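Only one chain is given next, in structure tokens, and it is the form predicted on its own.
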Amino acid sequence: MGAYSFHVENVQICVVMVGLPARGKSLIAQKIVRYLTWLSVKAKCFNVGNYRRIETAHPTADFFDVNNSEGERLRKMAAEAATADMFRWFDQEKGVVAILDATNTTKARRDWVLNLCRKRNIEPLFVESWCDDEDLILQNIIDVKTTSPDYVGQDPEQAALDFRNRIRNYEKVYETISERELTYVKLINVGSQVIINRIQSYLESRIVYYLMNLHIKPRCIWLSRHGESVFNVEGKIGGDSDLSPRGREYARQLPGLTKSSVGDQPLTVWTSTLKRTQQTAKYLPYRQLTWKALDELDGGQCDGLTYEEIEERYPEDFAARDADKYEYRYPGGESYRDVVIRLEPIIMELERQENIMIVTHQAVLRCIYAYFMNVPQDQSPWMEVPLHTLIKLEPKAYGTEVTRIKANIPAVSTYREKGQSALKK
């Protein structure tokens, strides 16, 4: 199914997160938004904690005690502000999927959200992250105390202690979802068991399918373009050329570059079916898999031409591609949107895996990078992804950390700015 098929139902969905703190709810919420946005579905996250921080920036655990009536009042106010903004977004911006990111640990709070949605004909889909795996909880506590805005500038050990007390306060009132009439997904220990109840629509089923592939264990993804190719040196697009001498040197240095970043962790390497990626990965001492879906964007009848030749022979196409590079499809070839659709199984498999390194092509890497970094579609085809550079992505609860490791090997630049003519003046 392509990205276009989501809009036929004309549904609006509110994904209501449920669960104790340190259960990966914010990470899951951010991932749903990223995934849907990447597939051209209008999605946005409304984090109740952000609204609460306007009044109470650094609360202690006592603020979340059920007996603290002032804390309860301020938390309810934050939830009301978040839902009001969410409904405004649905109405004014024609949003399709909103994620209400909060604990929503009591039946009463969930009923309140349910009734607000029902009044507006918005489908509520409850997503509960239920976890008793101490290692996972501990890892999330470590992650939260170092990245949560609640604990900025605080001693990490004090933050961890306070956060544990906050969790205990929530545990006193926590009611797991059991209402049979609700549409819900319950992720137990982050996907080791998944309970699904009353899924109503195609779009909900897609969200559920995505959630079933998620895990929130710490891991990294390494991305690299193939080494400089003969076609890169000649300025040609596409093709299946060999590496240039400098590209071969990058392939020889890549194991050392990778080892310095990966250490002794296990790693699997994915390449495309084209020679230049397999030649680049040749010396990597890890298990390797080849994916047809990772092949470069198909240039159609422009394959093997230089940008100068394309501009000379097909000036209208050259201009059309500049005007909307994401949607533009080469005659007999592909657009960036086409690449995103064929990459969806790759993204699903990436979410299931732990440490993966992908050696592939410029357009494909732009699409994968855009998914992890939430880059808008119209910008993603214009991102610079230089040759002979290893990019490390580390997904965290509040975003993805990026590290770029450059090999000291010169390479041509294959980057062309928007509006830049390829013809020599």
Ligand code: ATP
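Residue positions are given as counts along the sequence shown, with the first one as 1. In this text, the rigid core denotes the largest set of C-alpha atoms whose superposition between the two forms falls within 1.5 Å. Quantities reported herein were computed from a predicted structural model and do not represent experimental measurements.
Absent from the display: the form predicted together with adenosine-5'-triphosphate. The rest refers to it.
>> Take the pose in the model of the complex, superimpose it on this chain at the site, and classify the pocket for adenosine-5'-triphosphate as open or blocked using 3 ligand atoms within 2.4 Å of backbone or C-beta as the minimum for blocked.
In response: Judged by the transferred pose of adenosine-5'-triphosphate in the model of the complex, this form is blocked (3 or more ligand atoms within 2.4 Å of backbone or C-beta).
> Of the listed stretches (196-204, 74-82, 339-347, 136-144), which one has a non-hydrogen atom within 4.5 Å of adenosine-5'-triphosphate in the model of the complex?
Replying inline: Contact criterion met by 136-144 only.
> When you measure heavy atoms, are Ile221, Phe372 and His388 every one within 4.5 angstroms of adenosine-5'-triphosphate in the model of the complex?
Replying inline: Judged in the model of the complex, none of Ile221, Phe372 and His388 sits within 4.5 Å of adenosine-5'-triphosphate.
>> Test of understanding: in the model of the complex, would Leu116 fall inside 4.5 Å of adenosine-5'-triphosphate by heavy atoms?
In response: No, Leu116 stays farther than 4.5 Å from adenosine-5'-triphosphate in the model of the complex.
> Hey, in the model of the complex, does Phe90 get a heavy atom within 4.5 angstroms of adenosine-5'-triphosphate?
Replying inline: No.
>> Just checking whether Phe126 would be counted as a contact of adenosine-5'-triphosphate in the model of the complex - the rule being heavy atoms within 4.5 angstroms.
In response: Residue-level check for Phe126: no, no contact with adenosine-5'-triphosphate.
>> So, Ile28 and adenosine-5'-triphosphate: in the model of the complex, are they within 4.5 Å at any heavy atom pair?
In response: Ile28: contacts adenosine-5'-triphosphate in the model of the complex.
> Looking at Tyr326, Tyr314, Phe163, Trp270, which is the one with a non-hydrogen atom within 4.5 Å of adenosine-5'-triphosphate in the model of the complex?
Replying inline: Of the listed residues, the single hit is Phe163.
> Which one, Val208, Leu257, Val190, Met86, lies within 4.5 Å of adenosine-5'-triphosphate in the model of the complex by heavy atoms?
Replying inline: The residue in contact is Val190.
> Which of the residues spanning 10-39 lie within 4.5 Å of adenosine-5'-triphosphate in the model of the complex, based on heavy atoms?
Replying inline: Contacts from 10-39: Leu20, Pro21, Ala22, Arg23, Gly24, Lys25, Ser26, Leu27, Ile28.
> Core aligned, does the CA of Thr103 move at least 2 Å between the shown form and the other one?
Replying inline: Yes.
> Does Phe64 show a Cα shift reaching 2 Å between the shown form and the other one after rigid-core superposition?
Replying inline: Yes; that C-alpha moves by at least 2 Å between the shown form and the other one.
> Does Leu20 move its CA by 2 angstroms or more between the shown form and the other one when the core is aligned?
Replying inline: Comparing forms between the shown form and the other one, the Leu20 CA shifts at least 2 Å.
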